[in-house]
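Just the one chain here, the form predicted alone, laid out as C-alpha cells.
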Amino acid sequence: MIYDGHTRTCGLIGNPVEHTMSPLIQNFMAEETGKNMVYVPFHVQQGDLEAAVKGAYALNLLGCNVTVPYKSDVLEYLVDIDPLAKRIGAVNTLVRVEGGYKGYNTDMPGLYRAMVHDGVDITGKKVVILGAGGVARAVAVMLYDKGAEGVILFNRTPEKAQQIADEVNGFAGADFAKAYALEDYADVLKEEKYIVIQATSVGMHPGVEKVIIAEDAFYDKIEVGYDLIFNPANTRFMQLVSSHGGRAYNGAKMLVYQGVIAFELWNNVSISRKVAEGCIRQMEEARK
C-alpha cells in the first residue's frame, strides 16, 4: 500500500492498546480491498477520552474502534448512537458523521456473524448464557435482536442475572430472558441440546484450568458451545464441550468479524467471506 495525501486514518482508542491485533486485521482488509486507509492504536490515558474523540474529529479521522475501559464512557461524547448500541449500553466503533461521530456496537453483530460462519442458527432457539456481566447482557440483547426464542442466564449470583433478565424483558415486552443460579441447571435445562455461550472471564489466561461449571451432566446438554475468551485458544470449557460430543468455538472469529463490520461501516463496502477468512488466518499466524 502507498500512503499519500488521500490516505484516511482509523484507529483504536483504549488503555491499554499494546496487545491489540486490530491493526493486523484492519490493515489486511485495506490491502485486500484496495482502500487507501491505515489503522493505528491510540493509547488514551484516563481523563483524556473527550479530548481524544474531539481530536480524532479535528484530525479528520474516518473512524475509531473503542476498547476497554471506554466502551460505555464514550457514549456522552457522540452526536448519534445506533439503536442496538444504545440498548447494549456500550459502543466499540465510531463512524464519522457531520459534527462528530456516531457510535455502533459491532461486538455482538460480530458474534452473530461468527455463528453464521460456523453454521449455527439461533432463530427460534433457547440459548444458555453463562455469566451476568456487561458481556452477558450484550449477548442477551443480540439474541433478542436476532430472533432467538429466549435466553436462560446462569450465574453464581442469580440476583445479577435477574437484573439483566428484567432489563432485556423490559424492552422486549415479553418474558424473553430468565435467570437462575449455576447449580439450578439440572432442573432448568429440560430440552435435549442447547447452544451455550460462556460470557465470563473464567478460564482466561493464566487461570486456564478453571471452568464455571464442571459437571459432566451439564456438558451432555450442549450441542454448540461458544467461549468468548480467545486466550487460550482452547479453553477448559471448550475441551469439555468437545469431549461430550459438542461443537466448541472460541472468541477469535467474533474479534475478526467485529472488525470486519467496523471496516464495512467506515468504507461503505461489503467484506467477502474469503477476505474474512484471510483475517482469521492472519490472526492465527500472529498468535503462534
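So that there is no doubt, residue numbering starts at 1 and follows the sequence shown. This one's a predicted model, so the numbers in the text were calculated from it and none came from an experiment.
This next part talks about the form predicted in complex with a small molecule, which is not shown.
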(request) Select from the listed residues A177, A199, V196, L94 the one whose heavy atoms reach within 4.5 Å of the small molecule in the model of the complex. (result) A199
(request) Heavy atom within 4.5 Å of the small molecule in the model of the complex: which of M29, V241, V53, L255 fits that? Just give me the one. (result) L255
(message) Just checking whether A248 would be counted as a contact of the small molecule in the model of the complex - the rule being heavy atoms within 4.5 angstroms.
(response) no
(message) I'd like to know if G100 sits close to the small molecule in the model of the complex, meaning any non-hydrogen atom pair within 4.5 angstroms.
(response) no
(request) Determine whether any heavy atom of Y219 comes within 4.5 Å of a heavy atom of the small molecule in the model of the complex, and answer yes or no. (result) no
(message) Whether A132 contacts the small molecule in the model of the complex should be assessed with a 4.5 Å heavy atom distance threshold; does it?
(response) yes
(request) Flag this candidate site as yes only if R8, V38 and V66 all have a heavy atom within 4.5 Å of the small molecule in the model of the complex; otherwise mark no. (result) no
(message) So if I measure heavy atom distances to the small molecule in the model of the complex, which of the stretches 134 to 142, 165 to 173, 118 to 126, 83 to 91 falls within 4.5 Å?
(response) 134 to 142
